[in-house]
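We begin with a single chain expressed as structure tokens, specifically the form predicted on its own.
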Amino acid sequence: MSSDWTPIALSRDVPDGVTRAVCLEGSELVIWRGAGEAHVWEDRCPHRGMRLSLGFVRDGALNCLYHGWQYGASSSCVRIPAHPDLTVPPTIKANAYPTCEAGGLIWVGKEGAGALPALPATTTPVLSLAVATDGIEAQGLMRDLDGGRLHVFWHRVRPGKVMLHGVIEGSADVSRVAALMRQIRTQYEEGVAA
């Protein structure tokens, strides 16, 4: 797997008009979706530092809850409600990260990230699980199943905690695969996963 890209959520867990707070290696991020497109930004409004994940999406833009500053998909501030006639300076921007969706996951990239790793063409999301561990060695884990293959990706939230994200390639039973993911979590927390 490319270390330029990290999966941080299942696509289905961030529907249109929704914000989600996510931690990645201790950094606080917000995922939001407007007009069908997912965006990942630093979870901080440039104006007063309020968490943008507490804001709301309206008309394809993310609005800060504190003073209502509105940020468009490009991360530039497009409207300041207290000064409706003001032309907003282009330097007022949220800190945006490269973002893409593939394999049923939302991925965040490092600055200048290369191509996304090869992923299955069609997948079915299973679930995301928090795991108390530091011991996951590979970025993508796979388990062959009757009727398909489970792909488990992960990201480190902070030392001692990771999030697993599972998707199925094929037609395996989702409830059985969810149970398998819970077993994988237990194995990692007990230090016996391979």
Partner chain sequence: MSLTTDQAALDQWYVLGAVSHFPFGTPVETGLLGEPVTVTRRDDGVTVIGAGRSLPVRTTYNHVWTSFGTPARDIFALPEATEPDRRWLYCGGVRVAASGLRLIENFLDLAHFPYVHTDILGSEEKPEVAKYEVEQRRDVDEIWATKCEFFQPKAAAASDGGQISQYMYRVVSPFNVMLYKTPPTAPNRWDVIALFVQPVDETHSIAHPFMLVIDPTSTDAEIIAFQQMIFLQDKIVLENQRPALLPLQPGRETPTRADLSSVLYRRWLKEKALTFGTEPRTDGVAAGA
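Predicted model, so just to flag it, every value in this text is computed and none were measured. Positions refer to the first chain, counted from 1.
FYI, the form predicted in complex with the partner chain isn't displayed, but the following is about it.
- Exactly one listed residue, out of R143, R33, R44, R156, brings a non-hydrogen atom to within 4.5 Å of the partner chain in the predicted complex: R44.
- At a distance threshold of 4.5 angstroms between non-hydrogen atoms, H67 is in contact with the partner chain in the predicted complex.
- By the criterion of a heavy atom within 4.5 Å, E37 is excluded from the residues contacting the partner chain in the predicted complex.
- The partner chain is not drawn, but in the predicted complex it has no heavy atom within 4.5 Å of A113.
- In the predicted complex, at least one heavy atom of I80 sits within 4.5 Å of the partner chain.
- Contact annotation: the partner chain lies within 4.5 Å of heavy atoms from the stretch 54 to 62 in the predicted complex, the single such stretch among 54 to 62, 121 to 129, 143 to 151, 157 to 165.
- Residues of 4 to 26 are not found to place any heavy atom within 4.5 Å of the partner chain in the predicted complex.
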